[in-house]
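In the form predicted on its own, a lone chain appears below as structure tokens.
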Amino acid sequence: MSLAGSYNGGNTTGFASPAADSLEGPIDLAEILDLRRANRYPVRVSGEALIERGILPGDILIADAAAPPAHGKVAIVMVHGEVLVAQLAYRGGEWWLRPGRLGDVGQVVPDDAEIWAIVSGLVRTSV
């Protein structure tokens, strides 16, 4: 007996997908990265100084201008009119900028420099 000719699909009930609990709605990067706060800014990286730290040219850093400087954090610093992205180090009572390249000891943050923001996140738009 063949059933192929008698099936019309009208008596099916279907079932919920077992993966339905794992589905996520649209991802809102502004919410995840807290970009609606007044002191948060996305900043695109243009140099290669922090490649060893995993920060690549074209990455977007989330800069928090209200975060306090901290040893080991990546910071955006204004030095003599130039914008630098470097890792902060605190040694001997002074802040140092470490570019991230192995073997480079970095430089002391000059008195006229401004630690503008601390990087709190990173978005990579290509892999």
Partner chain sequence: MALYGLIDGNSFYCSCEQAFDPALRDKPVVVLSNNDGCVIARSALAKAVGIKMGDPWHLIRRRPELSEVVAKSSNYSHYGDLSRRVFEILGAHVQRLEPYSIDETFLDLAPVTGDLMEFCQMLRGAVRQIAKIPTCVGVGPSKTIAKAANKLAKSRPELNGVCDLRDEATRVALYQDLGIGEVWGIGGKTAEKLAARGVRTVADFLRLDPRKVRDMMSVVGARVQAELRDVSCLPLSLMAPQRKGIAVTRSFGMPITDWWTMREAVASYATRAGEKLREHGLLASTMTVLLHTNPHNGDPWYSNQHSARIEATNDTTSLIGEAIRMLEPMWRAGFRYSKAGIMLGELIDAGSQPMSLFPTKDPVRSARAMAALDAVNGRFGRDTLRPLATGISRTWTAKAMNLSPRYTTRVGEILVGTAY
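Numbering follows the first chain given and starts at 1. Please read all numbers here as calculations on a predicted model, not as lab measurements.
A second form of this protein, the form predicted together with the partner chain, is not displayed here; the remarks below concern that form.
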Handout entry: Heavy atom of each of Y41, V83 and E114 within 4.5 Å of the partner chain in the model of the complex
Key = yes
Practice task
Determine whether any heavy atom of A66 comes within 4.5 Å of a heavy atom of the partner chain in the model of the complex, and answer yes or no.
Solution key: yes
Practice task
Please run the contact check for G106 against the partner chain in the model of the complex: heavy atoms, 4.5 angstroms, yes or no?
Solution key: yes
Problem - Interface membership of I60, the partner chain in the model of the complex, 4.5 Å heavy atom rule - result: yes
Exercise for the section: Flag L29 as yes or no: does it have a non-hydrogen atom within 4.5 angstroms of any non-hydrogen atom of the partner chain in the model of the complex? Expected result: no
